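To begin, one chain is listed below as structure tokens, in the form predicted on its own.
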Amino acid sequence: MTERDTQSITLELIDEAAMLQFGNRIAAAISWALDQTLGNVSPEKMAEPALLIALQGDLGAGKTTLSRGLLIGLGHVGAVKSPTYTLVEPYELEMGQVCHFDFYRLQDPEELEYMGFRDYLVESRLCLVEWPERGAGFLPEADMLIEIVQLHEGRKLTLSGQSEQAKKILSQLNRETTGVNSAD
């Protein structure tokens, strides 16, 4: 990814509540961007592959917490389990299928072929992938990468995107969020 092909936002969040709230903001920006891109196309008729968001960070950085906030923001009601052992948790939402993946226990990227990962990319509107580096060589390039770094207090998030959809999402987030340092 070259610098001019990427749009990014960097911000710090102080606690779990802030991480959940920011997940909600990402969800709102995703909904807005998909509405702008697809208009009134139903999820069943959508031919585009899923929007792929990769979440990187150490154990305990907050990847699942951010995913939980995002899923709740997209309308999920109920528990959001970490897919550490199941590898994937699918959610049927108003926008269509959203899949939350966790590749932490993946031994070989080729395992993604056996689990039908490519089918999820075709059948879903959105795929959230924790530990994407474990799928290197098999996982397509993410539309958006969210890197989470643990600080002494809170977390530093860097969101970067290359696809047009990701750029729209980041632009919308940038407009909605105050106190965010961003770089185009």
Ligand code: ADP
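Model, not experiment: these values are computed from the prediction. Residue numbers here begin at 1 and follow the sequence given.
Another form, the form predicted together with the named molecule, is not on view; read the next lines as being about it.
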| query | finding |
| --- | --- |
| Heavy atom contact within 4.5 Å of the named molecule in the predicted complex, the stretch among 134-142, 28-36, 61-69, 121-129 | 61-69 |
| Proximity of E164 to the named molecule in the predicted complex, heavy atoms at 4.5 Å | no |
| is_contact(L170, the named molecule) in the predicted complex, heavy atom dist at most 4.5 Å | no |
| Contact of D15 with the named molecule in the predicted complex (heavy atom, 4.5 Å) | yes |
| In the predicted complex, P49 touching the named molecule (heavy atom, 4.5 Å) | no |
